[in-house]
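A lone chain, given as structure tokens: the form predicted on its own.
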Amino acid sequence: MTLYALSGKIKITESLGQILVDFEFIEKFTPMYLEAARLTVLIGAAGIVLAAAVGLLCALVKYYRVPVARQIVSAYIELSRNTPLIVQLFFLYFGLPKAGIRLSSEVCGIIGLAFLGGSYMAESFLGGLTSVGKIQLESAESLGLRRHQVMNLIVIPQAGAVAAPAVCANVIFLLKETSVFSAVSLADLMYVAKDLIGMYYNTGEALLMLVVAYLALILPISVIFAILERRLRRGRS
């Protein structure tokens, strides 16, 4: 009985030991995660801003049905949305050097995110633009308003309200897509987590810090966008 009770206590102690988190490991490597988070935010923000600019340009080309450019934009959107971001990054980081073009990991991350995000942003902006009824546009033109006045006073306010939820969803989607940047040797959050797991085998702690880091980055943005979306809905109702 005594031996059985003792072995039972040992098993319980071992089980508890497996559950316990190594807080010393977390404290030691938290600065690395903070630096990786800063890099992720900077590259993600730059890529998203560039993606929004590309998306808006593509949306306007399709909205005004610009000859030739419209077909080019359609081909770009199909190519971008039907290829994974990691393939696009590999092409930029490993493929372009074959042609004598060498880009840093950071530049590849920004361009890759902009290339992928531009197509999604284009569809979101185009959906907002096409939501404005033709009757309103014809009425504005009959009143003598010029095209830029119609765009600024009528189209953009309404299109922005319609496109905002989709744009916000795209921003969150693109931030999560930054997790593949480690494939091109970019020291982002995923890169740090995989590096620590490979060196110290503290898989639980490394992944825990990774989850917390992404939650800290994305959750506040999701809350802000949810509040913004509710206000926009109230304004339209």
Partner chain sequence: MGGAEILFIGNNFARLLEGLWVTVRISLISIAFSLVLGTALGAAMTVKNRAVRAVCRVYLEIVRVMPQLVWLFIVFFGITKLTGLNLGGETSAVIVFTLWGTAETGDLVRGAFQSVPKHQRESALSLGLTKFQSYVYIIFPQALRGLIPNIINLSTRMIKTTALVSLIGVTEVLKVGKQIIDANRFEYPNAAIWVYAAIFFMYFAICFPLSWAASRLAKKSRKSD
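What you see is a predicted model; the values in this text were computed from it and never measured. Numbering follows the first chain given and starts at 1.
As for the form predicted in complex with the partner chain, it is not shown, yet the points below apply to it.
- This chain appears without its partner; in the predicted bound form, the one residue of 72, 153, 87, 107 with a heavy atom within 4.5 Å of the partner chain is 87.
- Here is the short version: of 197, 57, 37, 168, the single residue with a heavy atom within 4.5 Å of the partner chain in the predicted bound form is 197.
- Using a 4.5 Å cutoff between non-hydrogen atoms, residue 201 counts as a contact of the partner chain in the predicted bound form.
- When the partner chain is considered in the predicted bound form, residue 83 lines it closely, a heavy atom lying within 4.5 Å.
- Proximity of residue 99 to the partner chain in the predicted bound form falls within the 4.5 Å heavy atom cutoff.
- When contacts are judged by a 4.5 Å heavy atom cut-off, residue 50 does not count as touching the partner chain in the predicted bound form.
- Annotated contact segment (heavy atom within 4.5 Å of the partner chain in the predicted bound form): 183-191, selected among 183-191, 42-50, 61-69, 24-32.
- Annotation for 151-178: the only interface residue with the partner chain in the predicted bound form is 176 [heavy atom within 4.5 Å].
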